[in-house]
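Let's start with one chain on its own, the form predicted alone, as structure tokens.
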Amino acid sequence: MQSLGIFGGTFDPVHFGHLNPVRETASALGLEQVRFVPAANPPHRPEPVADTHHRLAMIRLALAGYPEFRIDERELNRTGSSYTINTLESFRTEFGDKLPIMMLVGADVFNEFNAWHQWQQIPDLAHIIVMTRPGHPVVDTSFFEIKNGNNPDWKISQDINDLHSEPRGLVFFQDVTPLNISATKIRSLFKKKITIDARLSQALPASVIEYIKLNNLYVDHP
């Protein structure tokens, strides 16, 4: 493998707002494989509504048509909070120091990046690919200059060749097609038992919709 993408989240449920930007980004950057990494205990978000086995089942259904996408369960198999730094360290242990690893994040997530646990150390482990879309302005990049010990400054590059020639340490902004989809809105539709709706078919794969209906997911969540 020449490059690896990583995309984390609660995926509660997984939807086209996850799948389409990642697919566009993987194609644009020439990523051979992208690992979808569901979080067990996200430190900056509420606990997922759906149980772990349901979220995994929905991701498997959603990724069935994408041979370059795979599920990675390492955060679910680890105790404690799902800190990104620990996940990236485990990927480095598995794949070594030379493989370019690219962590894909949405611009809204990137806005809160400097609140992450040990965020200053992440450039030692991976590139950060920020999938940008209207409505979510990128934070002031001056925060890259903050150092922790001897960790390097963040470096911004818009050269795809740099992403593949260096294993880590770069921030790259990738435009993606904007989609007005959120898991919160989707869960709300299922809570209202609006299961036959054009908004759902535009937001989730049909197989995921059927799974949610079959298992009565989200109908009782607050």
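None of these values were measured; they are calculated from a predicted model. The first residue of the sequence shown is number 1, and the count goes up from there.
The following text describes the form predicted in complex with ligand ATP, which does not appear among the structures shown.
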Practice task
Answer yes or no: in the predicted complex, does ligand ATP come within 4.5 Å of a heavy atom in every one of Ser3, Thr93 and Pro123?
Solution key: no
Handout entry: Non-hydrogen atom contact Arg133 with ligand ATP in the predicted complex at 4.5 angstroms
Key = yes
Practice task
Please check if Glu73 has a heavy atom lying within 4.5 Å of any heavy atom of ligand ATP in the predicted complex.
Solution key: no
Exercise for the section: Would you please decide whether Arg45 lies within 4.5 angstroms of ligand ATP in the predicted complex, comparing each non-hydrogen atom pair? Expected result: yes
Exercise for the section: Look up in the predicted complex whether Pro205 has a non-hydrogen atom within 4.5 angstroms of ligand ATP, and give yes or no. Expected result: no
Handout entry: Single option in Ile156, Ile160, Ala57, Leu179 placed near ligand ATP in the predicted complex, where near means a heavy atom within 4.5 Å
Key = Leu179
Completion exercise
Assert contact_stretch over 165 to 173, 25 to 33, 179 to 187, 61 to 69 against ligand ATP in the predicted complex, heavy atom within 4.5 Å, equals 179 to 187
Exercise for the section: Any residue of 1 to 18 with a heavy atom within 4.5 Å of ligand ATP in the predicted complex counts; write them all down in order. Expected result: Phe7, Gly8, Gly9, Thr10, Phe11, His15, Gly17, His18
